[in-house]
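Below you will find one chain, with nothing else, as structure tokens; this is the form predicted alone, and questions on how it binds or moves follow later.
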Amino acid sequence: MSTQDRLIESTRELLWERGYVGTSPKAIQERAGAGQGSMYHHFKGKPDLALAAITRTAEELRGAAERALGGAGSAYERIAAYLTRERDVLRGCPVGRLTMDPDVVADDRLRAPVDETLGWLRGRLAQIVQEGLDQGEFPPGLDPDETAALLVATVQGGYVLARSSGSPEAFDTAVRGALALLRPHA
């Protein structure tokens, strides 16, 4: 792995663990095994490095979501695959957690990949809900955009419930509840 990649990966991990303020250039350099000169050779400063890390994290989240959502099966099965995919629930969402970081939210450049990713996810889920409506899988009148927002809120809220209780069961309960609402009725 190149020095630049080690810096980005170290920043990704530290942002997930500590947030933006808690991620110092020194901690990044130590974790990456890179010197200050290397960091500033590849990036103008901490904000540019954080942007690269957040962008990479967002791209990975999109890829993982698309693997579940773009797979085989009915609309319900693909949504269920997304909601039940393997996650480190007690660590929280590496993208969603950034919305709780005031320094990320206050910076338009740092917030943009977070907003774009969650917007993409809502749009992708809405497409699948619409497919389910078109196939008669879901009840008529179900709004795809509202349902997609509910599903994203279930995942993000599930992380909060799990972290606050110290148990992944809280996340799993939220997912089961959302799936029960969508379950096709014969």
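Heads up: residue numbers just count along the shown sequence, starting at 1. What you are looking at is a predicted structure, and each value in this text was computed from that prediction instead of being measured.
Absent from the display: the form predicted together with another copy of the chain. The rest refers to it.
With respect to another copy of the chain in the predicted complex, the three residues Ala52, Glu59 and Arg85 uniformly fall beyond 4.5 angstroms at the level of their nearest heavy atom.
Using a 4.5 angstroms limit between non-hydrogen atoms, Arg78 is distant from another copy of the chain in the predicted complex.
A residue is said to contact a partner when one of its heavy atoms sits within 4.5 Å of a partner heavy atom; Arg111 meets this definition for another copy of the chain in the predicted complex. The shortest heavy atom separation between Ala72 and another copy of the chain in the predicted complex exceeds 4.5 Å. The shortest heavy atom separation between Pro25 and another copy of the chain in the predicted complex exceeds 4.5 Å. Of the candidate stretches 124-132, 59-67, 139-147, 27-35, only 139-147 has residues with heavy atoms within 4.5 Å of another copy of the chain in the predicted complex. Residues Arg163, Ser164, Ser165, Gly166, Glu169, Ala170, Thr173, Ala174, Arg176, Gly177, Ala178, Ala180, Leu181, Leu182 are the ones in 162-182 with at least one heavy atom within 4.5 Å of another copy of the chain in the predicted complex, listed in sequence order.
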